[in-house]
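One chain follows as structure tokens, the form predicted alone.
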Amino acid sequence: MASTTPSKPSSGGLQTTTIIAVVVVGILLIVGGIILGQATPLLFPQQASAEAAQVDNLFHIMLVIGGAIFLLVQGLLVFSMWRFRARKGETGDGEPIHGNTTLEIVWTAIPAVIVFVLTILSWQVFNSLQAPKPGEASVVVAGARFNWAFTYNVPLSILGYEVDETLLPPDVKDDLADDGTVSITSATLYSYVNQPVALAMDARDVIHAFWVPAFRVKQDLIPGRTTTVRFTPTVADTYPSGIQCAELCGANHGIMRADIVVAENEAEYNKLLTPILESRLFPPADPVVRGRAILESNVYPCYTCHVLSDLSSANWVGNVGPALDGVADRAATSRANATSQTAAEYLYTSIHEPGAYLVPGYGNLMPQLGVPECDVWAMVAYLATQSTSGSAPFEVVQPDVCIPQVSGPPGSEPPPAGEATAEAAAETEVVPAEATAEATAEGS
């Protein structure tokens, strides 16, 4: 009779049963990875940009591979804990193992191939996301602790009516002379469906990270360097706090967020920008009203560091910088004495050169914000009303170039400057003297 003894593996070979086991385990790992990969849509918000599908597909591939590796590692760990456990009565060391050259080559080669493939796929996705698109809209983004600001260049034609350009503010005339558009800034990012957008982003102080989970885009902002990110919205909606900073940038990093509004079409988009443009073309005649509107718009990061009771509805609840309640009284007394400046000059300098004088107990954290000259003087006029009495304890004289010639669109009849000032003063919350005495203030 023929011998029935089991066949021995040839030198350097594997038993048939071992090969079968490896194949079965490999298939199970691949299936398990695919099953885990199906969780991709559950991990992310709705896809709201044309680029989102590419990013999700790449992540899906990575999750499938990572899931298979996870199952392999954990499976071997559990198997080893069971198969090579110490039996009852065993007290000696385990059997010494020299190694397996074939196994070492395999577990080095496979990860190398996986990393190479993922690198190629990631590079393709990155190039696709960064490639300029026809007709893309350009938006300038400024990131500063702890705020986002978005600047658009828009033509006067979006207004739908004629404007006498000779009566517009000097800075607006300069804008129009450059390229026929006017730059406007908002604290909200606006766009519309299927409009490619290119953001040119700058950091005013430290490194920030522009992250929009719904659009699947993320890009760092680096001081002294302009970085770019591109996306094309596909879902019309309002995304509250849709933009987040993903780089720890300071004490109030968690509030560095901004809303996104995606309109259905260009006409709706223009309607969203029209009020912002009109506020630039026809600023209020009263500098107090004008200054309050600027600070209330939150286009500057003042509100993220300072508290001001009069603007609490605009989320002025910052605690990083000195409080601004009662700032006019201190500007006219202790701060004027410390700096040898008039109260108005002191407030102006605090905005334009925040490091020139530091309130005792606070560091030099406020960045150079690049606030236009007329906006600074309007802010000074408003801050001058933040006193215990609710009225300005000193006079703020506006430069001639900052006095608007027109205070509203054609057909509008804004109230006289005196009435507007009185109305603004009436709305200002009077801070008790004891609260003012405790507050330290300055800076915008």
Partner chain sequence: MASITLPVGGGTQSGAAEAPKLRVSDFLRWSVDHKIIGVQYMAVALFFFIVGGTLAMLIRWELLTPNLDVVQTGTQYNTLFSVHGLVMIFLWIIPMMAGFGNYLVPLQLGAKDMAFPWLNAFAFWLIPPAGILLIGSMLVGAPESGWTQYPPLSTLYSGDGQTLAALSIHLLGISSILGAINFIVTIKNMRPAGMGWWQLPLFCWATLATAIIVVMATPFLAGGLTLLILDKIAGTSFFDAGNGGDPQLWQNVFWFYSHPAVYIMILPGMGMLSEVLATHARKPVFGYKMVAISSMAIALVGFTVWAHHMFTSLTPELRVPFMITSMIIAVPTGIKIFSWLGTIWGGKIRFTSAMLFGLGFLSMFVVGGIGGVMLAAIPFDIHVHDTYFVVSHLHFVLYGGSVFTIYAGIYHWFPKITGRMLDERLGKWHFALTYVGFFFSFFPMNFAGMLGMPRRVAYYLPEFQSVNTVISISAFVLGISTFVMLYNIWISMRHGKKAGANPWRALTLEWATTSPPPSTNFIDDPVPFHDPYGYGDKDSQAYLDDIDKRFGVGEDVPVPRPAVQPAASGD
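Remember, predicted model here, so these are calculated numbers, not experimental data. Positions refer to the first chain, counted from 1. For the two forms, the rigid core is made up of the largest set of C-alpha atoms that agree within 1.5 Å on superposition.
Although not depicted, the form predicted together with the partner chain is the subject of the following passage.
Listed residues Asn298, Ser309, Gln195, Asn252 were compared with the partner chain in the predicted complex; Asn252 is the one with a heavy atom within 4.5 Å. Only one of Asp220, Glu136, Glu278, Glu345 lies close to the partner chain in the predicted complex, with a heavy atom inside 4.5 Å, and it is Asp220. Contact with the partner chain, judged by heavy atoms within 4.5 Å in the predicted complex, is confined among 27-35, 52-60, 377-385, 390-398 to 52-60. Using a 4.5 Å cut-off to the partner chain in the predicted complex, each of Phe84, Asp93 and Trp107 places a heavy atom inside that distance.
Taking the partner from elsewhere, Asp175 is found to have every heavy atom lying beyond 4.5 Å of the partner chain in the predicted complex. In the predicted complex, the partner chain sits within 4.5 Å of a heavy atom of Pro111. Contact check for Ile403: no non-hydrogen atom falls within 4.5 Å of the partner chain in the predicted complex. Interface residue remark: Gly99 is counted as part of the site for the partner chain in the predicted complex, having a heavy atom within 4.5 Å.
The partner is not shown here, and in the predicted complex the stretch 267-290 never reaches within 4.5 angstroms of the partner chain through any heavy atom. Taking 2 Å as the criterion, Glu353 does not count as shifted between the shown form and the other one: its C-alpha moves by less than this amount when the rigid core is aligned. Core-superposed comparison between the shown form and the other one: CA of Thr101 displaced by 2 Å or more. Core-superposed comparison between the shown form and the other one: the C-alpha position of Pro111 differs by no less than 2 Å.
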